[in-house]
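Take a look at this single chain, the form predicted alone, given in structure tokens.
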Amino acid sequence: MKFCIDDANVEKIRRIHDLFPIDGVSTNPSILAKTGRSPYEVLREIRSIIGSDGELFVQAVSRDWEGVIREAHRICEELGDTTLIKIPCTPEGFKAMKELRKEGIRFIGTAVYTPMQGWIAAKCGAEYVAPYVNRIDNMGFDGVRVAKEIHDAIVGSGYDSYSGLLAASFKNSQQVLELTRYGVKAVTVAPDIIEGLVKNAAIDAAVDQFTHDFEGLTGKGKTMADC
């Protein structure tokens, strides 16, 4: 399963990418807007952090399929072939997906709230389908369950040879855990939630105790490199 950062804050991305086994970075127009900077300036900086092999997800904002195609060409020209175009799962979006598939440009179906949106995007050739787990919860439905239904539909139709979930919009580590256990293709998670995946007072207490006991044996500040 691939593990991606869901943010456009360059400093947070740099820290998380340095510490955790990260496969890529997912952005959208809203989180790019929060930076207050030129979109391509930010995206090129993110690309420099994750390298040419890291997957970078960038959303097209055009409402019509021709506009999405134009944006896709520009995005790939600026950011490289390992960049995936995020396309909202609307009728115009599906048309754009079919055209990009013919061109061999990688893309992902986004703004997914229903299983049928996800299934159609996979049928159009989407490499990933991105259900918004927490946003679905906020609508009064079960976001994790909907994500699992999309996963099952993709697998049941045999599209999992090329397509799968990039589950997004998490509010806590439990949602991430449920979908990783279910075997989804990828998750994209905000930096604070990524850090929370392994944040636990018991872990900190155990490490503090180990340090205290070792320093009692060898002296303050000593490590195995100093013995």
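Computed from a predicted structure; not experimentally measured. Note that residue numbering begins at 1 and tracks the sequence as displayed.
The following text describes the form predicted together with a small molecule, which does not appear among the structures shown.
Within 4.5 Å of any heavy atom of the small molecule in the predicted complex lies no heavy atom of residue 106. Using a 4.5 angstroms limit between non-hydrogen atoms, residue 31 touches the small molecule in the predicted complex. Although the partner is absent here, residue 58 lies well away from the small molecule in the predicted complex, with no heavy atom inside 4.5 Å. Proximity of residue 169 to the small molecule in the predicted complex falls within the 4.5 Å heavy atom cutoff. In plain terms, the part of the chain that comes close to the small molecule in the predicted complex, with a heavy atom within 4.5 Å, is 132-140 out of 149-157, 132-140, 117-125, 97-105.
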